[in-house]
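One chain comes next, on its own, written out as structure tokens in the form predicted on its own.
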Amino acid sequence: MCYAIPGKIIAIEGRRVTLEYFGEKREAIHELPALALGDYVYAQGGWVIDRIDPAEAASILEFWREQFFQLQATDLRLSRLSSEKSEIDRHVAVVFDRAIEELPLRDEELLTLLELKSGHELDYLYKVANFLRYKHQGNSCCIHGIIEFSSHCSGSCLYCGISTWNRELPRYRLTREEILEAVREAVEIWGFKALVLQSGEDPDRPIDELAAIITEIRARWPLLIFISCGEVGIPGLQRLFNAGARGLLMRFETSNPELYARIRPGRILENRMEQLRAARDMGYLLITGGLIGIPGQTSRDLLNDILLARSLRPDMYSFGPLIPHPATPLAKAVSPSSAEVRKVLAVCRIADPRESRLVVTTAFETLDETAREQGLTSGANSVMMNVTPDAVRPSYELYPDRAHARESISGQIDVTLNLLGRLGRAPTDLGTRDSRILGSSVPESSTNGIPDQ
């Protein structure tokens, strides 16, 4: 559950609890001592992160009550399906009907969807994915902050701007104090309750040092922490989990071992998969997926990517376009179209409609300035905001002209709130400290519960 709306504990079974708010029920895992029935808590990503005083919870719930149902009504209206399929091939229409009825689709049927070209058929594909997203996950939208704490990387990926190929990039490594200050600002000023700590594979940042920083963060703030530092090894993953990290963002990039070896020289796909499986077994929340548009990649490869990701039972899928950096060997590779990216997101949602969330990646937003809306209306229900300190953020140059690299956090929030309000999504991962979300400033003319900006 990615809502920062307080939930009331209505059932406890070991470490698993059931929360309720506005008639919605969600399950989460807890690690808090002496948690009891009737307690109010915040939960993020399926983890209980903090108790909340009952009086404060009642105040927040009272504020959210009307807005929640207004947003829900907007999302319901926008996610309805029409029955008109006259311009859709009969065979394709049968596949759509099976998807809507949630009958298991065969691999060839999913491949049919991935290879659609007709504009009418693509539009209907997006609508089916959006319908399934709403049916199973409602109007919640996860909003995680990301702090990129080091641009040093020992990897030689043929497309990545922070790889060893880019010798002109000004590198940085945030100190312990700088990381803690970035977290403090994200949590105390902007109200984030879930953060991704991301870096390249930095050989000069020992795992024990990173673990100590995570332990200190968890001691200071109630927070769900994801790590995204490449391959740190199974012992490293265990060390960071023991320190308090509860999520892992690590894509396998491609399910094709030959493509993987080609774009990541010296690396073996199975080694990465072993770490992903081990992380799942340890109890990490898993965000994983692949790259779209790798030279030589086929539709069958993309289908296998979706199926491999699904086999890992991820908590969130992450599929984004390849945008090669000009300082790398794949500089002349052509990025996929927005339609191709959107198609993969939609098929991913259809392949796994019930449990997992689906993120609109920063790479997709860099490829197309309308990517968030495209993704969120094609089955996605998660976005990331960049809360890396302004002074170093442009230097985390995975690819040129990266989205949000030079936007203020306040500006990112404004744009995101406007979009989510129009789409009827509840952006509650931002917390309740921002007066634009919680307070008496909501104008009566607002039709969706989010103030006009």
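These numbers come from a predicted model, not from an experiment. All residue numbers are counted from 1 along the displayed sequence.
What comes next is about the form predicted in complex with a small molecule, which does not appear here.
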Counting only heavy atoms and a 4.5 Å cutoff, which of 156-164, 337-345, 219-227, 85-93 contacts the small molecule in the predicted bound form?
156-164
Contact flag, residue 253 vs the small molecule in the predicted bound form, heavy atom cut 4.5 Å
yes
Given that the partner is absent here, does residue 112 sit within 4.5 Å of the small molecule in the predicted bound form, heavy atoms only?
no
Though only this chain appears here, would residue 321 touch the small molecule in the predicted bound form if you measure heavy atom gaps against 4.5 Å?
yes
Any chance residue 147 has a heavy atom within 4.5 Å of the small molecule in the predicted bound form?
no
Report the residue, out of 72, 377, 137, 198, that has at least one non-hydrogen atom within 4.5 angstroms of the small molecule in the predicted bound form.
198
Using a 4.5 Å heavy atom cut-off, which residue among 358, 245, 143, 291 comes into contact with the small molecule in the predicted bound form?
291
